[in-house]
Ligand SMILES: Nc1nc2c(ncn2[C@@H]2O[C@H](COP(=O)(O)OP(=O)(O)O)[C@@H](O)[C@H]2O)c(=O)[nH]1
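Here's a solo chain for you in structure tokens, the form predicted alone.
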Amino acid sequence: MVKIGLIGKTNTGKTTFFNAATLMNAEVSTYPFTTKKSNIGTAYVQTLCVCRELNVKDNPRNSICIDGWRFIPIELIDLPGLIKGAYMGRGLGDQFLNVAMQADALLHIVDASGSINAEGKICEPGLGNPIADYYEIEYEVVQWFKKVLKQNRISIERRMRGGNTTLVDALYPVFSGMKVTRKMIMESLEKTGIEGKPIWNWSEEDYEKFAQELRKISKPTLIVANKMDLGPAEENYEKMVEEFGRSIVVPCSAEAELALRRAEQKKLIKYVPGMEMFKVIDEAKLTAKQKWALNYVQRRVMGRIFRTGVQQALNIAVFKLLKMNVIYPVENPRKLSDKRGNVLPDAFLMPPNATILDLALKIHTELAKGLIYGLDVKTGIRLPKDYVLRDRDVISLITASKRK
């Protein structure tokens, strides 16, 4: 399952974002380090389901379809707030960073309203500096990569001095447990211009540059400008866009999303996560407090940033940063179903360049062993095992047992 980690300073709203995305009740408060261990839950990414295109009524098993939108599960990890010196172990930061390294991508939650000070404590909106907060946490993550590298320098040198090991192969065992591939290491070495330099000749600047590049390539990150409904958040958001680029900063109000999802659970409103609007089912059933809250969300969030940003951030992380494709495997190509008759039962997130054989391996190793070819259900065309899957492909896997 795709894993997304939430990082940031304390009191930026990470746990509220986590609760909104997963509807789990992790503890939230204004005390520093409320989250003392990682919260792990299931969130969902949203894509237009092929049931619309194929004009069928589906009944998913591994995912959910709401009004023609397919919601596919991912794992969300809420990490405790990081502080200066986290990479050296301050505030148990080294343990938390180690957990963060298991993620495929990161969402860096920043308090856009400037309501936290340099220590992560609540302050008057506007007094904090979201851009400085971002760079402070980013420094800790880069230094963690650098620390891991330096701690393993002797073993890396030993592998290289043997004579038959390349720098990439010597570095790979150090970072493989952090979901770092050989390709990522090679790309980082090339971009920093040190691919042909033995590690015993690396300068301090080489370590720093390599750590920065590997961090960026291996853990693609989206900045979530949270608390957009408060104080000078809009002004700070524009400053962040100017600093980092509009495509990498998502405006968000996790508190609004949590309120909407809880109201939808209670059947007070009709709301599909990620949509630009919600509809009150029966206003007479709302308390005065609920009416005020929903009006606030409409006026301060939907009326300003159009969406709460929670679902949008998850979608961008998975589909833009990680470039995942959604593939629909079916057993019966005519009925678009599995053997139990479930129509479009599964939707899998597959990485770019994944093949039909990769899809078979994801479903079951025995299926992959007997795989002969794949069938493009939309066109009826036979596809070889090395066919590179494309987003929204509906595939039937033809195996030796099926041919019999």
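The first residue of the sequence shown is number 1, and the count goes up from there. Source: prediction; values computed, not measured.
The discussion below concerns the form predicted in complex with the ligand, not included here.
Checking M275, L149, I122, A293 against the ligand in the model of the complex, a heavy atom within 4.5 Å turns up for just one residue: I122. The stretch among 67-75, 250-258, 213-221, 183-191 whose residues place heavy atoms within 4.5 Å of the ligand in the model of the complex is 250-258. Among heavy atoms of D229, some come within 4.5 Å of the ligand in the model of the complex. Shown here without the ligand, the chain has K9, T10, N11, T12, G13, K14, T15, T16 in 1-20 lying with a heavy atom within 4.5 Å of that partner in the model of the complex.
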